[in-house]
Ligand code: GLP
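One chain follows as structure tokens, the form predicted on its own.
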Amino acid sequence: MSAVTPPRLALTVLESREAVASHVARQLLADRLGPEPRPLGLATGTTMEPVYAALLEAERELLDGHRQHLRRHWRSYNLDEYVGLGSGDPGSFAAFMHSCLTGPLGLDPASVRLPDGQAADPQAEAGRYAAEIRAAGGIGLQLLGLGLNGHVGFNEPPCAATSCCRPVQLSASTRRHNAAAFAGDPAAVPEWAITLGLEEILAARRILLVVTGAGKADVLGRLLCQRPSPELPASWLQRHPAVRVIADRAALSGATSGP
């Protein structure tokens, strides 16, 4: 029996990781400089490092008035943060954002929002963070990476489309993948994180899913060829009306039209 072709995700394929980063950076700047933009949804990780570097380069080419507008009206919410880590911990996503974006771009740290990893009650903090995003009008443009096991944010499989902002226990594979920020030791990666759920992610007005490198070829191939299911959390993005996948050639090498 032949496979049923799932709804297709809009796909932009560029030649290199650098080209992807430059393209995404321009999209982020255009969103920030648009009329009355909603808050921006941001992600962290190795896929995002060149994106933020390209954003800094593009920002330097703006007119002074646009650069001032960018800083004055910046408002963003990150997807996740490790439970137990404060903003001063070098392994925290708050530290990542300060190093890659907030500091170099000269943003007010209060305008770059993340969950509080040191909150006494992570469950209550997750609810507070989700409520803050709703009160700010929701996410306009959401930036996402794609985990090797198909997670977006820290929504590990299996994960329902109705999952909300919550503390989650990280899989062994995710902790291994993120170990570089912890001197290469997976055991040093926190076991828990607070993450936006698919519910909040799918509520964004637009979504950019950024996928680069041959290491992501298998999971991107699955995403493009399989129907939505809890076993591949990113597959729920197929239900969103305004998702675009932006990938380099290396990441697309595993995409097929199905079995």
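Residue indices: 1-based, along the sequence shown. What you see is a predicted model, and the numbers here were worked out from it, not measured in a lab.
Omitted here: the form predicted in complex with this ligand. The next part is about that form.
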### Query
Heavy atom to heavy atom, is Gly145 within 4.5 Å of this ligand in the predicted complex?
yes
#### Entry: Partner contact for Leu79 in the predicted complex: this ligand, 4.5 angstroms, heavy atom
yes
### Message
Even though the partner isn't displayed, in the predicted complex is Arg113 close enough to this ligand, meaning a heavy atom within 4.5 Å?
### Response
no
### Query
Does His151 make contact with this ligand in the predicted complex, using a 4.5 Å heavy atom cut-off?
yes
### Summary
Answer among 46-54, 64-72, 24-32, 220-228 for heavy atoms within 4.5 Å of this ligand in the predicted complex: the stretch 46-54
### Message
If the criterion is a non-hydrogen atom within 4.5 angstroms, does every one of Arg128, Ser163 and Trp236 touch this ligand in the predicted complex?
### Response
no
### Task
Can you tell me which bits of 86-107 touch this ligand in the predicted complex, meaning any heavy atom within 4.5 Å?
Phe93
